[in-house]
Structure formats: C-alpha cells, structure tokens
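A single chain comes next, written as structure tokens; it is the form predicted alone.
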C-alpha cells in the first residue's frame, strides 16, 4: 500500500497511512514524507509499535541525528534510557513516576509552556519525532500552533516592526518562568543564551513564519519588560484556536513535526500514571542569526 497523507488540519497537520516504521523506508517513501511535511508541518502516524533503534533509523532517514545531551538537567548516571533516544517520560530509572518535588520532573514541566524544540541552540533541530510507547487516557494531549498562519494573520504594521528583530533563547529563561532559577555553573554554560530571528523564512518553501518559544528572554536592543510584553502578545496571537491542532494520543502514535514552522506544548495529566514518550530529532543546517561573541 503506497503512502498517502490525509489532511487533519488543512495545510498544517496530515495523517499518514500506508507506512510501517518497523522496516526501513525506501528512498521514495522518505521523499514522499518530506514532501508531506513541507506542506503540512506536522505528520501523525498511528499504530507504530517500534523500538528505540527503529525510531533512530526512521529519524536518520531525514538527516543526521541531533545530539540529545544538554537538553535537560538529568546527569548521565541518572539516565533511564541507554540509547540515542531522549526520554520524554515522567519516569525514573526504576520505571516508576518521579516524585512530585524531583528536580528532573520540575524541569520537565517546562514542556507545558508553548515552545519550539532546540531553539536554545544556535542551530536549531529541523524535525522532531515523538513516539508514544505508553500514553495516558485523560490529559497529556500535545498541542501544535501553526506559526506560518499566525505570521500571515498579523497586520502589516506589526509585520514591518518585527521583521528584523533578534531574540535570545535559553532553557534558563523558560524554566525561570516556573520559578526554577538555580543552575549549576556547568548548566549555566550549557544553557548560555543564543540568538535567533523573530521572523524566519523556511529554506524549502520560502514562506515566512514567527519564531517564538517560552525559551525567549529578551529582544536584542530592547528593554526587557518591553520585549517580554511584545513576545507575550505574539504568543497569545499565535495560539488562538484557529491556529492550533490538538493531538489526543493513542498507544503507539508517532508524530513528526517541523520545528521551523511550529510551536507546541503538552497539557496536564495525572502524573501518578505512567506516560512514556521518546524523542529524536534531525539536526538543522544553519543558524538563523549571527551569535554574540
């Protein structure tokens, strides 16, 4: 059965059929999926009962694997997974839900804020892939915002005002919004702010979009309060219902999305329940803005 993609949210989210990720994809199948994500930005695959190595093989079909170290505060010796896959679960090494006051759990609560993956790196990851191994039946939905449509809906004056603005992104900014302000010297180096354009042009489609995230702390050259007020206005604009798709997880769903054109967040759920999702990403190609010295 050849791959087909059905619109769930026109020109934003597509549902993929005829694809079994337990086996290697052909070059033609990979090309078809990349065409699909250029059009839709988010692709949903159902019934993909895969393991970590199969997820890595699928990811690397689209480019080099993004380095997962330095994306959280989990010490190497405390990692639950021993594969190149990032752990996006609520579990500790004993495979039980983390205690409510555990630092790793509190850090991961930042995923409930609207964000885009790896914007806290000078070269952002291109695509993210998230596999739902064990999902919860209530809550835990993942929401996606279409940053292209949000940009198009801005008035001409706002588009002109923000066209050349540069923002600073850091995990320390997003976590400080949750009250997490203590970082080790090593974490402060790892999470050093990086710069990105507020308006970006997609390299494959040429279409402009907003580049927003909870990781943004300021706009270069602006007073911080003024910058954060504008950024809050833009995030509120970009996350209006008409720009947002809600994914309600089923067991073994897999989602692939383009970080260059989307924001996303996870919603609250009962964290006494096991929720085991695993993440991989395709490395990006170039920075969007020159970096500070």
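What you see is a predicted model, and the numbers here were worked out from it, not measured in a lab. Positions refer to the first chain, counted from 1.
This protein has a second form, the form predicted in complex with ligand OGA, left out of what is shown; the following refers to that one.
Residues 130, 142 and 275 are flagged as a possible site; in the predicted bound form, is every one of them within 4.5 Å of ligand OGA by some non-hydrogen atom? Looking in the predicted bound form, the three residues 130, 142 and 275 all sit within 4.5 Å of ligand OGA (heavy atoms).
Which residue among 33, 44, 235, 266 has a heavy atom within 4.5 angstroms of ligand OGA in the predicted bound form? In short, 266.
Name the single residue among 205, 74, 111, 190 that comes within 4.5 Å of ligand OGA in the predicted bound form, judging by heavy atoms. Comparing distances to ligand OGA in the predicted bound form, the residue within 4.5 Å is 111.
If we take heavy atoms and a 4.5 Å cut-off, which stretch out of 75-83, 154-162, 190-198, 111-119 is in contact with ligand OGA in the predicted bound form? Flagged stretch: 111-119.
Contact of residue 9 with ligand OGA in the predicted bound form (heavy atom, 4.5 Å): Residue 9 lies outside the contact set for ligand OGA.
Any non-hydrogen atom of residue 58 within 4.5 angstroms of ligand OGA in the predicted bound form: Heavy-atom contact with ligand OGA at 4.5 Å: absent for residue 58.
In the predicted bound form, does residue 243 have a heavy atom within 4.5 Å of ligand OGA? Residue 243: no contact with ligand OGA in the predicted bound form.
Ligand OGA contact in the predicted bound form: residue 88, any heavy atom under 4.5 Å: Heavy-atom contact with ligand OGA at 4.5 Å: present for residue 88.
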